[in-house]
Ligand code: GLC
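The data below hold one chain only, encoded as structure tokens and taken in the form predicted alone.
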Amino acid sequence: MPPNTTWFNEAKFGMFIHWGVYSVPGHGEWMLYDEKIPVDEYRRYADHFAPDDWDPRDWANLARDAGMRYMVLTARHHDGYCLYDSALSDFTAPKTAAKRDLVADYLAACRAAGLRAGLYYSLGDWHHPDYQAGPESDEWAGFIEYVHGQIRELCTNYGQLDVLWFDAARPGCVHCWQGEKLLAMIRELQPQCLVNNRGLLPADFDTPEQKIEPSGEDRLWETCLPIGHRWGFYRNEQYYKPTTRLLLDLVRITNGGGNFLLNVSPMADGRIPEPQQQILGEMGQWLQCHGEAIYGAQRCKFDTHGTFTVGATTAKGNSLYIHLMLWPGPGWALTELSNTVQSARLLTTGEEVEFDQQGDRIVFPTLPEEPPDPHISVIALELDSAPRNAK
């Protein structure tokens, strides 16, 4: 029996977390590779990765208050450092300065907050000598045994997992990872766990990175984006995406039937930088008012060029939600809607909205002069059937 995908399809918004020993120097998650650091030298950062005061409930509460419905943590990134207790490696949090199983603590916090819990696992491992030898080497079989063994640990030792999020498979080399065998093992041990497509098998959902790219009608998909420039903590990060832009990304992803996995980058001590917390708080405030237009929404088969110039639309059942990033004021018209409009309200305030339907053109003569919401204001239309274009 395939895993139940209903929760994922309704959730729409999740928190991605890149955290590890690379957070100590704060040069981003690729520093081992980018700076060509010798492995023995890089391992010393684990001596300083000791988040003694970290409370994972802070993360879970932040995610929940931001309107997120699930979380995905980097249990092991490309550098090979495991945030969990692996019997197959000594480069782990419990065996170095952290002295605790950070994955176990994170999963407990997610579940206590009522959030779905996922884990990221990099199939590649720059720290492992057999990985460096490559797929054509005699050592590769040992590396695959190591990878499958670590994934077995994650699927066996931590209770129910809701998502396994793979990354860093060598392109065009499905057989190199024994992907069919790996997926079969996951299905046996975690039959309700959703698996992404980066093990080079389709699995359960697609994961376009740094772009909004809807999959086909019958495929689940999830866009992942960092809140700043980098996935991992960068100590001199100067830019974070504005709240309005991230909300519009969420709307456009929802329009295409996808989910938005937004990445945060905690510091070595586990604290999420204050600017990131502020952005998430603002997104949560918006979703408290406008979540009806996001959660459980399906692919929206109505959109016009005119709508996209000022925002985007989402749909759920017979409801059409018009998200206006650029507020047009009184006299604005929505065009090319073939449905009959039964009622209209300003979702931002709950007030009824006057409208005049002229065929496929809906005129709103008395909209407020000023935008009701500082980010994106939403008009909700109740229609006679599911929204559709007149053309």
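Residue positions are given as counts along the sequence shown, with the first one as 1. Model, not experiment: these values are computed from the prediction.
If you look for the form predicted together with ligand GLC, you will not find it shown, but the lines that follow are about it.
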query: Hey, in the model of the complex, does residue 203 get a heavy atom within 4.5 angstroms of ligand GLC?
result: no
query: How about residue 224: is it within 4.5 Å of ligand GLC in the model of the complex, going by heavy atoms?
result: yes
query: Does residue 16 reach ligand GLC in the model of the complex if we count a contact as any heavy atom within 4.5 Å?
result: yes
4.5 angstroms heavy atom contact with ligand GLC in the model of the complex for residue 167: yes
query: If contact means any heavy atom within 4.5 Å, which of 27-35, 342-350, 61-69, 319-327 contacts ligand GLC in the model of the complex?
result: 27-35
- prompt: Which of 85, 237, 269, 209 has a heavy atom within 4.5 Å of ligand GLC in the model of the complex?
  reply: 209
Listed residue (252, 127, 116, 198) with a non-hydrogen atom within 4.5 angstroms of ligand GLC in the model of the complex: 198
- request: Within 4.5 Å of ligand GLC in the model of the complex, which residues of 111-140 have a heavy atom? Give them in sequence order, or say none.
  value: 120
